[in-house]
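Two forms, one chain: they're shown below as structure tokens, one block per form, named structure 1 and structure 2.
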Structure 1
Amino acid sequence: MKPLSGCRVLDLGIITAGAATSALLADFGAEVIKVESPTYRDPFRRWLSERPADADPSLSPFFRATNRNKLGLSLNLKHELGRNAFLRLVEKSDVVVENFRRGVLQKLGLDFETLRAANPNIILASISSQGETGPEAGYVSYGSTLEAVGGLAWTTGYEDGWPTLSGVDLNYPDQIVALFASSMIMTAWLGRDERDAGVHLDLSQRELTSYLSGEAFVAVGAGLAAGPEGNAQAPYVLQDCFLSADGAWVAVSVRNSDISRLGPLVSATEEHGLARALGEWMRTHAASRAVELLAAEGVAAAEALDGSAVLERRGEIWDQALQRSPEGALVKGFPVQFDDCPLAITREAPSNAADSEDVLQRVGGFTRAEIDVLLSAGVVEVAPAALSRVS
């Protein structure tokens, strides 16, 4: 039995922050139902269509990677019939996850009090950029916006340069929030028997970004300076990237105690040009050889790899972070693993509306006639195969 067996999640999450949170819950064994609408699908479905040969155009690689292990339901929450159907599902569920713009859930008539009226023990995880309250609750942000307004960009950058972002290809705050939000949801789930009411988790990505720079707040709060840090960092007397003879960048961290061991390679002391000497030495060695020689002296060193090189080295220092789906697609894996009940990818990401019928019947207790009413009103979509069974 997996950790969250018996926990059912209605996943309104889109793109990364919300959808990746629910994906982690699915990995831990929750039954996660991804809820989209006939009029609004997760934009990730159409994100980067690099592979024209994909059989299902609604399954972009990004969507597949983030929504594996989930079921799919297409239900129009803007329609009264759809809203009511959703609340019937809430009655039979434990968690709702959403990362819409603030105010959308209220406009849909699905705020926390409404959900709690349907299910007094429901856990609602509201993931937002700035939080549910405050004068900037309506501030629209994407991940890197939060690096700027949360203080992280202030400490990221060349010593002589501008504040720097992780950018569109990493979008760091959107990745990190999934770890935190899923943790808070599980914390609430863990304590469900010790309380007699539901839980509304107000999760601010901006606050999380700042929390992850906690020591910078301690420093400036005490009047100590903080600013772009470059690559230097205590306790290392030298930490930076150096260009190798074959044009690769090699990251090196040197402790004070390492300097004597560097003697056979580099003749310098911290006070007398260690960085320059190491840079000159690096320019005469291929990256792999330089890393090997430094490691032999006990000095931390690694080539700054790009994405494809990281993948090529799977199995060397990492093996869980990306996995193959049952159909062989490369999808997000796991940042954590258990010895006795290993996490696994057992289900492809759902095609649009793939499981609508199953979810409505099995979870919501809808009859065939009730589903037909929803279908004829255009409130629900079912998968093409299922549609052929509808008279």
Structure 2
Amino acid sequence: MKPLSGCRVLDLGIITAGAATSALLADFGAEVIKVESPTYRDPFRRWLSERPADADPSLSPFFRATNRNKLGLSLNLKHELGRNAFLRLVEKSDVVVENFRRGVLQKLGLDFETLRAANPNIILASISSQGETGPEAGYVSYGSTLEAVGGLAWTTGYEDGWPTLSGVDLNYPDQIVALFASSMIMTAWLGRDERDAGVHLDLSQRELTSYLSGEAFVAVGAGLAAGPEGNAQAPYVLQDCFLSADGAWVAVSVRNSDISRLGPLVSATEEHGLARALGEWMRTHAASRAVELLAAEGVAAAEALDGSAVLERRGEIWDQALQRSPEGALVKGFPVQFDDCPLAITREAPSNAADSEDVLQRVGGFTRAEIDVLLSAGVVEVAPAALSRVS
């Protein structure tokens, strides 16, 4: 049995930080219900325009990756009927995940106290840029600004250069918060029998970014030099990338103790001139052969692989990081795996409103008449097949 079997999650998360958190919860066995609004859907649905011509236009590759294994509900929380319907679902759920801008949940009338009034044991996981409190809690932030203010951009780059960002396709703070948030939620849910009240988890992406760069700040506090060093990092006398004969780049790290080991390969046997000699030697060898020869001498070396090369090496250098969905789409995989109950992607990311009718009836206990009222008010959307049954 998976660790979160029997747990039900209402997922208000969007983009990466919230949606990827709940995707991990779904992987771990929770029933995750992704809640979007008829007037505002997860922007990841249309994040990329490149997709097969016959694909659902609302299921971009990024959306598929962060919303696999979930059910889909379309419900307008700004409408009183939608808010009340959501609270009925809260009564029968264990966790609510959200990464709205601070204050949005309160404006919707769905703050923690309101959720706890509906379900005294509810776990609310609030994922935000700066956390729930502080002078900058309400600031709009993105991965780039969080890397800047969290200090990560300062530690990355070349000496005397400018701060370096990981880029929109990675957004490091969004990625790391999903790992920490899902772990905290799992811990809170597994420990539910040891407490008699709900819990509000406050996760700050900026805090986590600074935490994971903490050694650099400790060095500054101790009066030691710190900051971006590029490839020149102690204790390595040489650490850089070199172009091989077949046009690939090879990363090499050389310690003082490695210089003598390079003797059979490179004529330079001391630090001076080593980079030039190694660069000239590399240009006479294919990347794979160069790595093989350096490794045989005990020198750390590896090809700098592009995306295609990484994919080609499944089962060699990685196994679980990427997976195929039931329809064959390549999506992000798992950070961990269980031998006795393997994680798997068993459900595609939901099309808009794919499971609205099922969720309202099965989880919320809504009757057909009540669903008709919500439909008439434009508060809920249902899948086209379900709509034909209603009419």
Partner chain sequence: MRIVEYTSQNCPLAVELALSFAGRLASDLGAKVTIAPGSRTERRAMSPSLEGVSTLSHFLDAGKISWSDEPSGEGGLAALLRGADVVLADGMAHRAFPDAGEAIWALVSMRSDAAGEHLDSEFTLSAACGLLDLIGDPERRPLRLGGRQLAYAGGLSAYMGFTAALCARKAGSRTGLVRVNLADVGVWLNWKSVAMSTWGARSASRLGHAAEWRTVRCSDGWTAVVYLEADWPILRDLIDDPRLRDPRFDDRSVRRANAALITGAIEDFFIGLSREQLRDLALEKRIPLGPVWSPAELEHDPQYVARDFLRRVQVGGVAVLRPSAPVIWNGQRFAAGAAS
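Residue numbering: sequential along structure 1, first residue numbered 1. What we label the rigid core is the largest C-alpha set whose atoms superpose within 1.5 Å from one form to the other. Everything quoted here is computed from the prediction, not taken from an experiment.
Asks: The same chain appears twice here, once per structure, so which copy is the form predicted on its own?
Replies: Here the form predicted on its own corresponds to structure 2.
Asks: Is residue 197 one of the residues whose C-alpha moves 2 Å or more between structures 1 and 2 after the core fit?
Replies: No: residue 197 shifts by under 2 Å between structures 1 and 2.
Asks: After a rigid core superposition, would you say the CA of residue 84 moves by 2 angstroms or more between structures 1 and 2, or not?
Replies: Moves: no, less than 2 Å.
Asks: Once both forms sit on the same rigid core, is the C-alpha displacement of residue 122 at or above 2 Å between structures 1 and 2?
Replies: Superposed on the core, residue 122 moves its C-alpha less than 2 Å between structures 1 and 2.
Asks: How much does the C-alpha of residue 245 move between structures 1 and 2, in Å, when the core is lined up?
Replies: A shift of 2.8 Å.
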